[in-house]
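Listed next as structure tokens is one chain, alone, in the form predicted on its own.
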């Protein structure tokens, strides 16, 4: 990890695992969260914005701007969203009171473009939801691809099955056209997908330790994860949940967490009857590396990351 904190812009669809990432970013001395933006995905964008603002209140960080973004994918109508795995409120059906903080009034895409020009070469963009806002920002100003230091996104599945469909991971599946635009933009991309996030599992005993720590962040995470754990238990038979977004943020800050990655060409299936949203990575050993557009993480030290995450949220 760098001696200086890594300065990040987080674009999120704030459900339970987003909250795990955002609180880690706000509390870690290795991370400087410059701004947050919200996008539809786990739940409606308006609810994602409220959830994000509430997290800032919980840890006393009203100084960080939150810009609300897209409420539907680039192509097609607004989705019908239900309870999903995050609850109807995106925070495990805890129905917490509305935040007192308000969004900045700037759109997410405008904020992403503005920050790129204000701090060229300095910021890491960390999208942990559907990539709609990032694609819109690129449409507004393609130059941002040369101004962000890099992009570390949570999305895709490369050697494992999908979770939103048989073949596709949820963030990519929600807006495949946006994802293809992002992969084609020409900036440095690291993709942290289901291959590693589904091996980074938070279990009930660790959540009980968080609650016992008594910290505002630990208490909040314990509160919102009960529903999330129940949904995971129904699918996987164990009361533990994946830390998808938190691991992506962790890797953005500490590359030693990556144990195996491949530079390769990644494309998103846009037309397949059964495979729409699939991330098709050319992982052939003879594939030309110079044609790659992303570094795909295939193995990560999830256990070490969880220990660090627990330490940060517990103190």
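All values reported here derive from a predicted model rather than from experimental measurement. Positions refer to the first chain, counted from 1.
Here the subject shifts to the form predicted in complex with a small molecule, a form of this protein not shown in this document.
Peer 1: Using a 4.5 angstroms cut-off on non-hydrogen atoms, would residue 104 count as touching the small molecule in the model of the complex?
Peer 2: Result no; residue 104 lies far from the small molecule in the model of the complex.
Peer 1: Can any non-hydrogen atom of residue 169 be found within 4.5 angstroms of the small molecule in the model of the complex?
Peer 2: So residue 169 counts as contacting the small molecule.
Peer 1: Would you please decide whether residue 213 lies within 4.5 angstroms of the small molecule in the model of the complex, comparing each non-hydrogen atom pair?
Peer 2: Residue 213: no contact with the small molecule in the model of the complex.
Peer 1: Is the gap between residue 128 and the small molecule in the model of the complex 4.5 Å or less for some heavy atom pair?
Peer 2: Residue 128: yes, in contact with the small molecule in the model of the complex.
Peer 1: Which single stretch, out of 66 to 74, 51 to 59, 273 to 281, 243 to 251, brings residue heavy atoms within 4.5 Å of the small molecule in the model of the complex?
Peer 2: The contacting stretch here is 243 to 251.
Peer 1: Report the residue, out of 163, 94, 190, 204, that has at least one non-hydrogen atom within 4.5 angstroms of the small molecule in the model of the complex.
Peer 2: Of the candidates 163, 94, 190, 204, 163 is the one lying within 4.5 Å of the small molecule in the model of the complex.
Peer 1: Could you work out which of 194, 113, 200, 181 is the residue within 4.5 angstroms of the small molecule in the model of the complex, going by heavy atoms?
Peer 2: When the small molecule is considered in the model of the complex, the option within 4.5 Å is 194.
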